[in-house]
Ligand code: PYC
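Take a look at this single chain in structure tokens; it is the form predicted alone.
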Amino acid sequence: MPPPALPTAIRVIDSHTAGEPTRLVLEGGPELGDGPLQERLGHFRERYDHYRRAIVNEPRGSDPLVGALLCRPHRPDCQAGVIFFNNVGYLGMCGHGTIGLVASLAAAGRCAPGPIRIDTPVGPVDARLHEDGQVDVVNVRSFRKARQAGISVVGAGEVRGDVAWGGNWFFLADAHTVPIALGTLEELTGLAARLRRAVNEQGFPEVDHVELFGPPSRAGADSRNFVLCPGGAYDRSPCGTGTSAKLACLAADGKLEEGEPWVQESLIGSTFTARYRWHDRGRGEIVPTLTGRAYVTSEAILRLEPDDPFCWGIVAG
């Protein structure tokens, strides 16, 4: 627990992208300097993690909430910088969060329709705000690391799936025996949690997201997914980095052509449309573009009072 501090006000804008919430910190967050975003993320984690807990954990936040700290960009070709975080730690990139970031900046009068380049800890990300509110996000290079790895899971036998990078590390597999539906949320969460532990123990300790797939429930979609996030919450959106990882696997298998749209449906029925271009076909690296919409839900001032026993958030365990 950090030492008591003077009352602090943190100005935020909340949004949701396809159902998944983002909280953008406009003012009052920790001062991390002017170095590269990866370096600043390290400062955030090592020195100011109590701010992360205060912003996204209960009693001010919730498990699904992703925080986005607006930063001065380090790269001269970027107009904004961002560090994403959640209830248990930090994210290299966040697709739904980037869409929420752009929508929130527009609501605050800080960007207009057109292109915007964003500095992140895993590299620059290009986005475009359209007049109708849709946002395109050109994500970081994505690729598959392992194809159809066999993982032994207690209670489920062997599960085969791909390990891929889309800005975060994913294990992607068909759900098979458990339908992708809100009615099976408890079963999906339990299976994905056991699967993640097994994947980490059986050769892939970097994986912190699990993405399970089934047939779509709505016309025009190609697939429906369930994504378990690092903190144990499920992604309400189709997951931008997860969809990028999926495209990398489809491209590697020759199941999706360059430029062909892929409509990914989420557990709650919302969708992202995604396409890719090859970055390095020989290495299996693609550059995905995601398209989705975010809606601003509130603007607020978070108050951090030094005599509040839960000033810096409720920490599980």
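Remember, it's a predicted structure, so these values are computed and weren't measured experimentally. A residue's number is simply how far along the shown sequence it sits, counting from 1.
Not on display, but discussed next: the form predicted in complex with the ligand.
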{"item": "Of Leu105, Leu91, Val163, Ala175, the one that lies within 4.5 Å of the ligand in the predicted complex (heavy atoms)", "value": "Leu91"}
{"item": "is_contact(Ser142, the ligand) in the predicted complex, heavy atom dist at most 4.5 Å", "value": "no"}
{"item": "Partner proximity in the predicted complex: Glu211 to the ligand, non-hydrogen atom cutoff 4.5 Å", "value": "no"}
{"item": "Non-hydrogen atom contact Cys229 with the ligand in the predicted complex at 4.5 angstroms", "value": "yes"}
{"item": "Distance check, Gly95 to the ligand in the predicted complex, heavy atom within 4.5 Å", "value": "yes"}
{"item": "Interface stretch in the predicted complex with the ligand - options 200 to 208, 114 to 122, 75 to 83, 240 to 248, non-hydrogen atom within 4.5 Å", "value": "240 to 248"}
{"item": "Within 4.5 Å of the ligand in the predicted complex: residues from 13 to 50 (heavy atom criterion)", "value": "Glu20"}
